[in-house]
Ligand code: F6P
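Here we start with a single chain on its own, the form predicted on its own, put down as structure tokens.
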Amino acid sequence: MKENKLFKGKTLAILSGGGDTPAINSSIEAVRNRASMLGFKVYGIRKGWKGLLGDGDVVDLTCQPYSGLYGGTALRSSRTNPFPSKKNPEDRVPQVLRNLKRYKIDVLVTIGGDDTNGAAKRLYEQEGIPVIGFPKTIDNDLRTKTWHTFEDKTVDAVICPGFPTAAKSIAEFASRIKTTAESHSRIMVMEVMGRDAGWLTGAGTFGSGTLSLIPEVEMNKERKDFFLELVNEEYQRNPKKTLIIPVSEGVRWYDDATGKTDVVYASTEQDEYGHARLGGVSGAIASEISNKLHIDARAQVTGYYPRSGVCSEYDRRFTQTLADKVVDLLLREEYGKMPVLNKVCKYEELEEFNCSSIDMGAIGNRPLPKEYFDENTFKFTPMYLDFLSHIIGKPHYPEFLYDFPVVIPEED
């Protein structure tokens, strides 16, 4: 009976911060359902940390319908940092502490990346607030200590909720623009989200992407010239005279005019975590291909497409599996931790026994392992292809398989 539940009289609150993903609502629903079964009253804090400032912005999720299939976050989000920052030097932690007390919140679950969970970690370490982090990022660059073994190698990989759905979307995007690239014998430079890491960019290779550029490999003058040579060779070798080139938005590209190698900014204005908005490197690359190689090239920015849409089956089961681990942490009262997968798993293996938890102090950014990308050929390796195939299945390379006989006019 309800009155016998272990955490009856306790309140657990959930917030989501930073960029949205298709798996956040699924994460909220999964955590809410399990916390409710334990007896918690469950609140939702709206707009991330912003919902704990001022008078607070809190809603009751207990016994309410909730669609975890719908992408994004119904609790909404923001990039609010409660700690002092360059953009906002005010220390707003006292407001957070005051509202946690006012709303009688006993445990806080923060769904986010390094920024959101980093702030939660500081609250736990400095103020003793009972916090459990929940991973979230389509960039897939949040260190989760997830091991991937391929042939005779084992690497420290990452799988975060949101990435599986986003990777599937990027593969489909690349597959779709291939038809228009072929129709015009063009090179398509496909820009993909990824400020510091190329995990998501690699998904473009599952939809006919060939050469790729990632933030981990700086494109100085020498490397840029070598890359352009490879682009020309690949294009000329292709019978349909077309290429799809996925590139991360965070690629550092050499600028002939300034003589500097740097990222391309869509806006230099920074958020409260010190991040400026990136965007436009695909246009710079496509322009150089057109001008230097005299090959028709176009930039195609995927933008928010991989963030959007419904939650995939893999992400759905993944969030439920991690929420099962949250139950374990709640029962043990092990706060200051984040649930993670132990190993790269196929859909059927997404079970709590393949999970563990890591200390939130160990959370940080994890770049793409060098074993996943060959910087000499600008191609993702078989080990990366194996990694991603566990998550979204085998690559799909659409082809128009017909060829036509050339007509030669008859001599009079």
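Quick caveat, the model's predicted, so the values are computed rather than measured. For every residue, the number given is its place in the sequence shown, counted from 1.
From this point on, the text means the form predicted in complex with the named molecule, which you will not see here.
- Heavy atoms within 4.5 Å of the named molecule in the predicted complex belong, among the stretches 229-237, 98-106, 300-308, 154-162, to residues of 300-308.
- Among the residues R277, K221, K86, K292, the one placing a heavy atom within 4.5 Å of the named molecule in the predicted complex is R277.
- Though the named molecule is absent from this view, in the predicted complex it lies within 4.5 Å of a heavy atom of just one residue from V340, L142, M193, A119, which is M193.
- Not one of M188, E288 and K379 places a heavy atom within 4.5 Å of the named molecule in the predicted complex.
- The named molecule is not drawn, but in the predicted complex it has a heavy atom within 4.5 Å of I138.
- Among heavy atoms of R252, none comes within 4.5 Å of the named molecule in the predicted complex.
- R76 falls outside the set of residues with a heavy atom inside 4.5 Å of the named molecule in the predicted complex.
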